[in-house]
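For reference, the chain that follows is the form predicted on its own, supplied as structure tokens.
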Amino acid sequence: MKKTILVITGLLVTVAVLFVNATDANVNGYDVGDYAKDFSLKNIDGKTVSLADYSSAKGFIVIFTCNTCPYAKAYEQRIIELDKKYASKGFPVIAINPNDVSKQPDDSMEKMAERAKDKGYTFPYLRDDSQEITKAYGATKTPHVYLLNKEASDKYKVEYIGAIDDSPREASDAKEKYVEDAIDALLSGKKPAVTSKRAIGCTIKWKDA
């Protein structure tokens, strides 16, 4: 009897591990304090975009997001406002769509371009078709924010990871604006008081192994 229970327990653990790996394909990635590597991803205008393209930037608001997730849609205007508020201060938004198009056809480059035009995006909207950059960062949700502080021409330190604010529904309900507070701290020469908050959103649609 005990042997049977042990076998069943082992099977349940194996299934649980497989489930976690299936939903969060990469549990590693950058931590606060790590240095993020540059990337080169295609934008909706057909051009490639890299962090190195922004020679005068002080840092970046890198956001993994998409067209289709209800949470991403709820945060969409807030992402637009972040770029409008902070791009001129040296912290532009760079949005990256990581979803596998075979699982979410409405996250195709064509649909991304349509949405960006309709919503008036003022920032690049890139596709990570290989999902290699998404895995390198460790993003698991849409939206998922990585705030980078540029320390040198090729050194981008991760200063904050997680949610945009504490209200996944209405912007007016937000009491804590994590990303804004973190950027304001960096602009004043300080370290963010809050460096991570769990990202709330849809799971990224990973390619089948």
Partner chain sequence: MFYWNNATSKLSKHFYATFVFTYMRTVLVLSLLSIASLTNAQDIELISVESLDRLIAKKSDKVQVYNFWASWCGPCVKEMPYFEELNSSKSADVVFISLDFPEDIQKAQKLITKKSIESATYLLNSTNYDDYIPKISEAWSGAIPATLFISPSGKKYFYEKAFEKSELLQVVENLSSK
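Numbering follows the first chain given and starts at 1. Because the structure is a prediction, the values reported are computed rather than measured.
Another form, the form predicted in complex with the partner chain, is not on view; read the next lines as being about it.
> Wondering, does Arg198 line up within 4.5 Å of the partner chain in the predicted bound form on heavy atoms?
Taking the distances in the predicted bound form, the answer for Arg198 is yes, it comes within 4.5 Å of the partner chain.
> Please determine whether Gly29 contacts the partner chain in the predicted bound form, using a 4.5 Å cut-off between heavy atoms.
No, Gly29 stays farther than 4.5 Å from the partner chain in the predicted bound form.
> With the cut-off set at 4.5 Å between non-hydrogen atoms, does Tyr71 touch the partner chain in the predicted bound form?
Tyr71 belongs to the contact set for the partner chain.
> Does the partner chain get within 4.5 angstroms of any non-hydrogen atom of Lys150 in the predicted bound form?
Result no; Lys150 lies far from the partner chain in the predicted bound form.
> Tell me which of 32-40, 179-187, 140-148, 56-64 has residues with heavy atoms within 4.5 angstroms of the partner chain in the predicted bound form?
Selected range: 140-148.
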